[in-house]
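In structure tokens, the next block holds one chain alone, the form predicted alone.
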Amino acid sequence: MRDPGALDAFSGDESVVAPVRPLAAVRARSVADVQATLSWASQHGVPITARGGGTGKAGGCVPDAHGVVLSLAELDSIRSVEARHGWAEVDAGVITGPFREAMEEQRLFYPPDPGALDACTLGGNVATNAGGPVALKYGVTRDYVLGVEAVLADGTKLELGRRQPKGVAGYDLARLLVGSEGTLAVITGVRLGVLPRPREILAALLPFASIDDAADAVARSRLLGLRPRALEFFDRTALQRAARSPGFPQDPAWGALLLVEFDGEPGEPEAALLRFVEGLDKAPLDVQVATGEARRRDLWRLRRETSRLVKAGAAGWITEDVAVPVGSVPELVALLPGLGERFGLCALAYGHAGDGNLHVNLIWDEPEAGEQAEAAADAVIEAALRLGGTISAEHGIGLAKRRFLPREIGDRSLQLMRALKDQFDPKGILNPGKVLGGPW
């Protein structure tokens, strides 16, 4: 495909990284297509950027201007489901949300639920080690990857992994590809673990008088020995900006909001919610239990729209998906008002606070206010690292965060990663410049 108009659809993702029109794009309809494309690219030294749904937030699938995009979106079949073994085999282009729904119909449960689950692909989820709200209890994509079908840069197909939960035969190359963002191989298929579907799920909104009270409740949840399915946090500024949209929960008295969800056998979620509320040092202003599945889904729809709602009408923004140890969530949240004042921006946070993962948004409504945005982002990263956290919990590194990587992992680790890259991709054609690429 060489038509310029058509190529624009393959030029960017959902990050703030500027789109780049590739030289061409290939729509793979089989694994053989992927092999042929990579074999040709390897022979001619042409950069290849694999692409799923294009929903990434770190510039991971922004292509090279002299390269080719390899779209896997049309590899979209669920190959098999083995309920008795606890896994399903899928093509890389299967959309995450419909796959989860298909598992539900078979009384199975695939937990990872990234925000773009109605558009992102399972192969892309594996390439970025996607998470989501229920990662608090059930873990991220890596925890469900049993096996990977992948194609190396020279076109060689590999079958990696296993078909049972336990196995230590050699290095775990399948999981090495998880989170590699298309820099080591192109993932064409995945064997994913699936669980029995929980019998009961209960969600509730817990508004608090202050950000400190809500953040302390997040830290307290772990000490109580509870395992919420999800524990989502919204600070006051996030609530105020999102509440401009009809239907978003709002009350001027709210300083912050938690969306908590428990699951289990009948009766267990209600008991867990009660124990959680009673165990807090600072009680919530209210406990609004979602009555019925429709209301629960409405709450989650609004949660998934939060990113869009808080940015509505803004001139620009930067989002950092940092994570810190759960007990440090109150300290990270407390820094944001001062940081916003210091750089003349709107600094807010929402996200998966139950496992320490906050989406810190730096937003400006006037174009000139964005001049300090990069410095503000740097301050957020430094704060997360100082608190023992990470620069990216689930969005990946891509192009957007590669300058921060040495601050977290150090020179020797970078050397080892570059050596691995050279072994997998000696000609450097796979998603060049991403993750480990310079300049620093």
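In this text, residue numbers run from 1 along the sequence as written. None of these values were measured; they are calculated from a predicted model.
A second form of this protein, the form predicted in complex with another copy of the chain, is not displayed here; the remarks below concern that form.
Point to revise | Proximity to another copy of the chain in the model of the complex (heavy atom, within 4.5 Å), stretch among 360-368, 142-150, 247-255, 285-293 | key: Heavy-atom contact with the partner occurs in 142-150.
Check your understanding: Should the three residues V68, R308 and R342 be counted as contacting another copy of the chain in the model of the complex, with contact defined as a heavy atom within 4.5 Å for each?
Key -> Checking in the model of the complex: none of V68, R308 and R342 is within 4.5 Å of another copy of the chain.
Legend entry - Among the candidates L176, A102, L302, I78, the residue which, in the model of the complex, approaches another copy of the chain to within 4.5 Å (heavy atoms): Spelling it out, the residue with a heavy atom inside the cut-off is L176.
query: Looking at L192, A242, A323, L332, which is the one with a non-hydrogen atom within 4.5 Å of another copy of the chain in the model of the complex?
result: None of the others qualify; the residue that does is A323.
Given that another copy of the chain is not shown alongside this chain, does R199 nevertheless sit within 4.5 Å of it in the model of the complex, heavy atom to heavy atom?
Although another copy of the chain is absent here, R199 would touch it in the model of the complex, with heavy atoms inside 4.5 Å.
So in the model of the complex, does any heavy atom of G388 sit within 4.5 Å of another copy of the chain? Yes - in the model of the complex, heavy atoms of G388 and another copy of the chain come within 4.5 Å of each other.
Is T237 part of the interface with another copy of the chain in the model of the complex - any heavy atom within 4.5 Å? Output for T237 is no: heavy atoms all beyond 4.5 Å of another copy of the chain.
Going by a heavy atom distance of 4.5 Å, is S210 a contact of another copy of the chain in the model of the complex?
-> So S210 does not count as contacting another copy of the chain.
message = Could you pull out the residues of 215-234 that have any heavy atom within 4.5 Å of another copy of the chain in the model of the complex?
response = In sequence order, R222, L223, G225, L226, R227 come within 4.5 Å of the partner.
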